[in-house]
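The chain below stands alone, shown as structure tokens; this is the form predicted alone.
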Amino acid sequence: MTKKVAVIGGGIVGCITSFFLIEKGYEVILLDQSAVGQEASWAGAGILSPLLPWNYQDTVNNLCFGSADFYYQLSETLKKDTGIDPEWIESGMLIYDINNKDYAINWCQKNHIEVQQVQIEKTPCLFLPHVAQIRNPRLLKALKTYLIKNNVVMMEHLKVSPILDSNNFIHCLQTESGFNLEADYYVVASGAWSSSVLNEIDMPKIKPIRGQLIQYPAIQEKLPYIIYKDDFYLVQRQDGVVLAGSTKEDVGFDKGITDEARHSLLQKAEFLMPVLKNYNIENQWSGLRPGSEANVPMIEKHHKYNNVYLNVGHYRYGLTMAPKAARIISDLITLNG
């Protein structure tokens, strides 16, 4: 009899987890309190690398290695199967103002990552030519279509109540609307809302960190690579649209946008790419990242519940970590099942 897995959270982590689970032959229910493919996964810039990987623990980088290749292959599959192009591009990333340049170069060489020393208008920079990007709204739209075509049951606008059970095995989860969600296994992949699902309200291990971005319209001028400087980036899509981001704000579950962030992002964007002064900002939005200590996620079986698995706390790199994290979870379920 086919085992059923309920994945709670329909962002990129939940979608890629579902992708791996159906490949292993599980019956999958994908549930989200909003619409599948929205929230932080939709809001980000789609850069398939940690921004300064040498500043992170090995745990973070090991989860990120190989994601660009995975998404290239996935994009080809999704284009063929759904007709939606996620716009995977190996654009490279130019990094300004490297204080620890020698350390960064040594780290790249040690980890077999190509790095080049370049000068832009007499400013020393590092260039990582194989950093890729993907247009995450299109990726998520394509993934959703693919998963539905492959019999994943989508349950949207359905919020799970916090887990409350005195036993070490969950037979069903309740939703706030009174619906009981029954499955053999449960995967919590609820992003910034994961602590609520896990009933860790008093001492949450994951908390929302707001990130705001602005968008310029499709411009004629071409930005040949991603630009990064002082925790700020510029990314251009295939159609010429330019994204600038992002902020890091500890404001709880407030998804509002602010004039202060708009002005700050505009100044940074127009400093790095002065031609943007000729264009008006077309859009501004925010997403709530699942903040975790040192950006290290929890990818494991729950310490108490034998059939509950955690794929949470990816902070800024849910997109980049999702493939390896999903493989780990799907393998754990198969091993323990």
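The structure displayed is predicted, hence computed values, not measured ones. Numbers follow the displayed sequence, beginning with 1.
Beyond what is shown, the protein has a form predicted together with a small molecule; the following relates to that form.
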query	finding
Residue (of I98, L158, C108, I219) lying close to the small molecule in the model of the complex, criterion heavy atoms within 4.5 Å	L158
Every residue of G9, Y233 and R289 near the small molecule in the model of the complex, heavy atom within 4.5 Å	yes
4.5 Å heavy atom contact, L319 to the small molecule in the model of the complex	yes
Heavy atom of A40 within 4.5 Å of the small molecule in the model of the complex	yes
4.5 Å heavy atom contact, G211 to the small molecule in the model of the complex	yes
is_contact(V197, the small molecule) in the model of the complex, heavy atom dist at most 4.5 Å	yes
Partner-proximal stretch of 300-308, 24-32, 275-283, 52-60 relative to the small molecule in the model of the complex, 4.5 angstroms, heavy atom	24-32
